[in-house]
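Below, in structure tokens: the form predicted alone, a single chain.
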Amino acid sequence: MESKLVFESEIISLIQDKQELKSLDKSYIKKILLSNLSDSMIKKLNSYSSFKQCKRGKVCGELISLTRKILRDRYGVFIRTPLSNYKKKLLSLSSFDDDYVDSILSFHQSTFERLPYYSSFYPLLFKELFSLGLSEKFSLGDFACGYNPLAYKYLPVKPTNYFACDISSDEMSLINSFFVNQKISAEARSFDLLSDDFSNFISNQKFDVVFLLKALDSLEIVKKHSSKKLLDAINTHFFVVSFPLVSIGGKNSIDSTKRSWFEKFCEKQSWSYSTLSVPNELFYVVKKE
């Protein structure tokens, strides 16, 4: 592969020029873009004398469409409204229990769907975790978290430490500021769960329970079987893993065979699990040790 794509920055900016992708880091977009490039594509894209000519070409159009599709499948499809649109309001909340938090939760597809059920579901979830041996003084990792950390008020028992991460540094910065402003013992950081940086990070961390909510399908889109490696690498006693029961928008049911691999993997690892559900989402409560 040639060392440099001449119009790399221009192509990345064009990919990002969609409302649902604006919060993504350019470095992450670049990673996905380069993963779809071949030597012949770079040669063709570099043959143009201007970006105006390049973006009119078939190769550039196909590359942009493919990269946007991957980014939407993993991230953009969940964004109803970018969190940055509500930065001022988020950072001016008087309490994490403020009613306006629910409005912000509705701006992400996953938390929007959970919103009617947080108050009843979270107590059931933690009752199950506590019955399996989770201490009421627990640390929580919320990976590929979306806006879920903003549902902190619904946790029936607050964790001694809450670590949240997702791929948008803008969103994690805002959520981290929310934690700081509300004096919550927590941290939010930007991580790609498939990156070496995250692998190095988790190799030195231990969590009592880890959330991976609607995360694994998105990881599998990028890299097949990556979820198994990730689950095995995370040092935790318990996982809460969820899968959607219906497609985005709720038009089509998702066949149970789409998640059967996860059940087989748990059984192979001798990890016990139970299930809980709310409309549109199935949760696996997994005891890893």
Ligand SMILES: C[S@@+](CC[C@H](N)C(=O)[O-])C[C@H]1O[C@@H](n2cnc3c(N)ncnc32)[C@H](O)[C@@H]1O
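From 1 onward, residues are counted along the sequence shown. Every value quoted in this text rests on a predicted model; they were computed, and no experiment measured them.
The form predicted together with the named molecule is left out here; the points below concern that form.
Using a 4.5 angstroms limit between non-hydrogen atoms, D192 touches the named molecule in the model of the complex. For Y152, no non-hydrogen atom is located within 4.5 Å of the named molecule in the model of the complex, even though that partner is not displayed. Contact annotation for F78: at least one heavy atom lies within 4.5 Å of the named molecule in the model of the complex. Interface residue remark: K214 is counted as part of the site for the named molecule in the model of the complex, having a heavy atom within 4.5 Å. Shown without its partner, this chain lists L219, I202, A186, I104 as candidates; in the model of the complex, only L219 has a non-hydrogen atom within 4.5 angstroms of the named molecule. Residues with any non-hydrogen atom within 4.5 angstroms of the named molecule in the model of the complex fall in just one of 82-90, 111-119, 153-161, 126-134: 111-119.
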